[in-house]
Structures are given as C-alpha cells and as structure tokens.
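Just the one chain here, the form predicted alone, laid out as structure tokens.
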Amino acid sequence: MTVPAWYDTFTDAIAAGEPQCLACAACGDASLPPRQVCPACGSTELTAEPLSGRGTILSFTEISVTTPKFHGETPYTVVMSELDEGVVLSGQLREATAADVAIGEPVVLDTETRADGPALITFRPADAEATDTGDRDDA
C-alpha cells in the first residue's frame, strides 16, 4: 500500500503524543495534510501547531465488506472526527462498536501499528481513556 510521504511522519507524531497540524497566521484555519498554501484563504503563512488529539464524532459507519488489506477484520467502525483545532480526520474506532457511539461524542486520536503496512489512524471513545487511566475528564 502506498501512502503519501507525510503520512508516516504524522502517525509517528501521534504515537509519540505530539501530533501537529498547520495553522494559518492570516485566518487561523487549521489544516492537514502538509501544504504550502492555506486552503481557506490562500495565505502562505503556515506554522506547525500542536493538536490536542481530542475531537468529536461527526459521522461514523460500520464496515462489513472491505478491501483485502482488512479482510478478516469486519465488521469494524470508521469514524470521521473533528479535532478540537478544527482538523477533520477519519480512522478506525477501537474499544467500541458502531452500536456504542453517537454523533457528537468525544473521541481520542491514536494510531495502531500494523505488521502488513503503515500505521492506522484510530480513535477510541474518550470515556475509554478515562477508564484506562482511572482519570475521568468530565469537561
């Protein structure tokens, strides 16, 4: 599987707890993937800014028929999440199924290393993180 050059750098940064996006100094828009020009206003004044790794579910779907790469893993759920900084990403949902989540619920960005190719961008319910750490965030 061929992925864009920036993808491995981005997933490595997520795994290290240091994900970043590009923020436009002119209009404040946050964007991914790396680019030379702000997609919102055309400015070239872009700087790397940290991502919180937290977002909310914009949409989700359960995948029952998939590509050969994910054969044997169905069903699984893919979510589209808007991170707190406004960047929208999609990834596979872990630690929950489509029946367990709803649009607007909080999720946490993560990655999953795969033996057969590049890491996957994943999300898990924010409540699962609170359960894992014993540190509940009710904000």
Partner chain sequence: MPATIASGASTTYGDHAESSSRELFGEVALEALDSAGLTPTDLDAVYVGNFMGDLIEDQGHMGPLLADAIGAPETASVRFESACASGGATFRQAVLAIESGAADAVLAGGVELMSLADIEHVTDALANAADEMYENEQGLTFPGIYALMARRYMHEFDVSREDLAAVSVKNHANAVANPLAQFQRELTVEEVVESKPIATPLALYDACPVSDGASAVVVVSEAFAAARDLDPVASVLGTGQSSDALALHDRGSISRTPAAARAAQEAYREAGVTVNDVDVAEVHDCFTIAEVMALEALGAYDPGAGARGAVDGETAVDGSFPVNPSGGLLGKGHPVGATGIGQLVELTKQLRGVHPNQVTDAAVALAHNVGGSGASATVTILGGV
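Computed from a predicted structure; not experimentally measured. Residue numbers count along the first chain shown, from 1.
The same protein also exists as the form predicted in complex with its partner chain; that form is not shown, yet it is the one meant from here on.
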TODO: Answer with yes or no whether residue 97 is in contact with its partner chain in the predicted complex, where contact means some heavy atom within 4.5 Å.
DONE: no
Open item on the list: Although the partner isn't part of this model, could you tell me whether residue 42 comes within 4.5 Å of its partner chain in the predicted complex, counting any heavy atom of the residue?
Closed with: no
Task: Distance check, residue 28 to its partner chain in the predicted complex, heavy atom within 4.5 Å - done: no
Task: Contact flag, residue 121 vs its partner chain in the predicted complex, heavy atom cut 4.5 Å - done: yes
TODO: Would you kindly say which of 113, 36, 64, 52 lies with a heavy atom within 4.5 Å of its partner chain in the predicted complex?
DONE: 64
Task: Within 4.5 Å of its partner chain in the predicted complex: residues from 66-84 (heavy atom criterion) - done: 66, 67, 68, 69, 70, 71, 76, 78, 80
